[in-house]
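So this first bit is one chain, no partners, the form predicted on its own, shown in structure tokens.
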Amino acid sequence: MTATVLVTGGTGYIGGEIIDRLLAKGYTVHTTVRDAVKSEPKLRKRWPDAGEKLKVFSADLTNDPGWAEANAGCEAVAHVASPFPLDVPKNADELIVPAREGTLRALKFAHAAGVKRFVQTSSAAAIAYGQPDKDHFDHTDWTNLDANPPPYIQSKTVAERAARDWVEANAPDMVFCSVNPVAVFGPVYDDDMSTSVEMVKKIIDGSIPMIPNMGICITDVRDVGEAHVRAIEAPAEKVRGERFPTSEKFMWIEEMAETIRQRVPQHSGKVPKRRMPDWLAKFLALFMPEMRQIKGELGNIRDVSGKHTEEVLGYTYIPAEQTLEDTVKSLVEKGIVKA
């Protein structure tokens, strides 16, 4: 494969998986990071044989330098980079502005460089919120911003809508689509992992002594990476304008904990068994940033279907139970959680 693809956010959990798959298929990969001097050694360590097949550029979501150079010679872009803090910011614009402006910046420079295909890493956050009377969603649903959802939810929704509007108005010939993952788990390369994987870490290392009354949809980082690569490679008529939620199934945290106990018993000694009362979860949210994210999800079902993605892109998801097992084993193997 001689094509060149830009993957923004190359040091991230999803970005790294996409790069892994593209390099394995023979692509040349450009990737953006905030500071190439600082990040390139880490990337070279992960892909020591990449050589000139991997080129690293400094480019920030909030300003122009570096973007033209990163896009030069690329046929496609996978735009993964987006802010995702553990805590809830005091001002929603701290997330919304860089997410929207960063996406538009990536699009404008890609279009100027003649990039033909642009795959935006959006999120199920842009699908399944602000609709209190609904608990099952698919690729046709949109988060209702009028309901004033949390800042991260707003940022992903605003960024995807802005991207679609911009392409329609300014680059109608560009093949644009989005990949909309739910909570992403799976094997980790190092301790720079997703917020979702951090939750599994806390379940198995004893940081969460009780199980909050909430559930999430699960997807494997390997399936998210595969969705991006297939969206880049598929015929234009199959993917133009599409949204590709990646979601294997919805599971309550209680079910996740039980799955870990059954499938990885040797690492489940600290996995909690008691359920956390809702009042306690809300109280802890006053002091613990990660609990603030959980507070609004207590008792909710947000079941996002990934079937459309399987049907259009032609692959089958890794079962959620296998994903959880592989996540735990990887955390232990990497020394992130002590066995």
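Values in this document were obtained by computation on a predicted structure and should not be read as measured data. Start at 1 with the first residue shown and count on from there.
What follows is about the form predicted in complex with a small molecule, which we do not show.
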property: In the predicted bound form, the one of 231, 153, 110, 184 near the small molecule [non-hydrogen atom within 4.5 angstroms]; result: 184
property: Candidate from 259, 213, 268, 196 lying within 4.5 Å of the small molecule in the predicted bound form - any heavy atom; result: 196
property: Heavy atom of residue 11 within 4.5 Å of the small molecule in the predicted bound form; result: yes
property: Touches the small molecule in the predicted bound form: residue 61 (any heavy atom, 4.5 Å); result: yes
property: Any non-hydrogen atom of residue 178 within 4.5 angstroms of the small molecule in the predicted bound form; result: no
property: Residue 82, heavy atom within 4.5 angstroms of the small molecule in the predicted bound form; result: yes
property: Partner-facing stretch of 68 to 76, 141 to 149, 118 to 126, 204 to 212, counted where any non-hydrogen atom is within 4.5 angstroms of the small molecule in the predicted bound form; result: 118 to 126
